[in-house]
Structures are given as C-alpha cells and as structure tokens.
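What follows is one chain in structure tokens, specifically the form predicted on its own.
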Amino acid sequence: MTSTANDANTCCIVTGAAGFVGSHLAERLLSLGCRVIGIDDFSSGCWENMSAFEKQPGFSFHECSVTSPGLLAEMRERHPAAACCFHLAAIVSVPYSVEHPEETMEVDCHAAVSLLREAEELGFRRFVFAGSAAEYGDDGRLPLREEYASEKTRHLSPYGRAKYLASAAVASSRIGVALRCFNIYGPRQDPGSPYSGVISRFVDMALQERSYTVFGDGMQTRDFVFVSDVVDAYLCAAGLSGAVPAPPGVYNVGTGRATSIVELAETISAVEGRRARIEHLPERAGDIRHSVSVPEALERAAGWRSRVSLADGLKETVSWARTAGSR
C-alpha cells in the first residue's frame, strides 16, 4: 500500500503502542504521514518496541491505562485533531484471564466499550478494535466464518468471552470495525514473554540449536498471519493508505491456510538450513485442536488479503531474531 493525500496529517490514537502489533501499526502510520498518539501502561509492551520511531516529530506518547475514565476526551483536549482510534491494548494472556476473570472483563470488554462510546460522542471517524480468534471458542466448524461466533459460543477462557462481547459492541457501532486476528507472528514478538506465540518460541529454539518442544502429536493446526499483513488490515479498516474503508462490522484476519505445528517446525528448520529435532510433551488440556479462518469478508469489503507467505515471513522473523539476539 502507498501513502495518499488523505493520510497526511490524519491524527490517530493507538492504544497498546508499545506492544508487538501496536508498535508496528504506529510505525506504519507515521510512515504514511499520519500523526500518532501512543498509549500504553507497559503491562505487556516495552519501550524498546517504539525505539525506531519514538523520536519522530509526529509521535507523542502517554503512559496510562485504557481503564482511565475519560481517556479519549483527555487525549482530544491535548490533541484536537484526533480522528481515529485503534484499540489494541488488552490483557492478552489466556492463562492470566482464567486466574483473573473479573480484571480481564474490565480491561478487555468494559474498557473497550467505554472507549467506543467516548469515540462516538467525540465524533471520531473510526474506531478499530483488536478482536481475536479466541472468540470462536471450541467451534469445530472449519474453516471459521465470522457468523460462527455468537452468544451461544462456548468460550474456553474469560479472554475469549471478553473479546467476543467487545467485538459485538464495536461491530454494532456506526464507526466500529472489529478485526478477529488469528495467530500473528513477526519481528518484535518476545519469545521470553508469557504472551509469546509458538513461532517466536520456535525461532528462539532454532537459534539456540535446541529441540522444538511440541505439546501432543504436533498435528494441531493454526492460521499464521504475518504482522505486516495485520497492519494492512488495520489500515483497510480505517480507510487509510488508499483503502476503501471497511463498513462497520467484524472481520477475520488470517491467511485461510492451516499449518500444523510439526510443519511449522520443519519450515523454520529449512530457513535455518538444519534438520528439525522435535521433543514431544504431554498434550495440554484445553488446547484447541484446529483453527483456520475464512478471510474473504475483509477482501470483499475493503480489498484486503494476506500477501506474505509463511516461508517469507519466517525468514524475516528469523533474521530479526538473530540481529536482536546479538545486541
């Protein structure tokens, strides 16, 4: 995607700007000529993620929680041109959500809905919410379509339930778009974090020449989508970078391709030029066996589709991890 005149000086709020995806989104918005107001409380993000753009004149940062009352009104008072809100900040650990269900509901649902209502009252042009594939719970109908998630869905965690309720509220708003992202991977995903995905952990194991630890038989499948494709989806949702704004609603963000955990390990090993060594551990209770998206709705609505292949995305991720590890 290329920058357009409509992007110049667009002022965007990005919550979770110090996080994995949020930092990539903030950096891309700045490259398009947008002004970016970053918000994060560093509960899971880190300042290093913003090091590539923190000193750019179009970027300003506020350390605060998204549960703060009147947050968007305060940001609008400080930045009167703010017109779009990308809400990515959340409790993202499923195990943590199981142990802290009330806090998860407060942060991932109630705070999101409060921000949405504020954005409506303040006349924001667009509110884009980071949903999750966890909203589908244990639905065995594959591939997963947006309409499969409903009030009757059996969610496997408070995280999935909170995200579903927030997505439903956002999708019903005249300014709201909720993106149900599947398994995102790419540079800046910390393998040592409890929030890290299997790819960041496998890449770290590969660089240390350790065996891949796989829970169960490794035939579980996931829909892995590269972070730059996810950022493109956010831009499409907001109608930035030449995209036609997606109509209000909820949209899957994935590749539509199922990759097994064993296949993933083998692909990373091929990138590294070595043979995959896999150590099988007992299967984890509660893990979803298969997950893959139907991503066509966002393509029909706004022209988005994933473009980065798994092999190319892994090459870029390994290259970043190797450089980051040498610092």
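Predicted model only: the values in this text are computed from it and were never measured. In this text, residue numbers run from 1 along the sequence as written.
Another form exists, predicted in complex with a small molecule; not displayed. Remarks below refer to it.
- For residue 261, a non-hydrogen atom is located within 4.5 Å of the small molecule in the predicted complex, even though that partner is not displayed.
- Taking the partner from elsewhere, residue 284 is found to have a heavy atom lying within 4.5 Å of the small molecule in the predicted complex.
- Using a 4.5 angstroms threshold between heavy atoms, residue 213 counts as touching the small molecule in the predicted complex.
- Proximity of residue 85 to the small molecule in the predicted complex: non-hydrogen atoms within 4.5 Å are absent; the residue sits far from the partner.
- Only one of 71, 231, 169, 94 comes within 4.5 Å of the small molecule in the predicted complex through a heavy atom, and that residue is 94.
- Proximity to the small molecule in the predicted complex, taken as a non-hydrogen atom within 4.5 angstroms, holds for one residue of 101, 245, 197, 242, which is 197.
- Of the stretches 248 to 256, 76 to 84, 106 to 114, 220 to 228, only 220 to 228 has residues with a heavy atom within 4.5 Å of the small molecule in the predicted complex.
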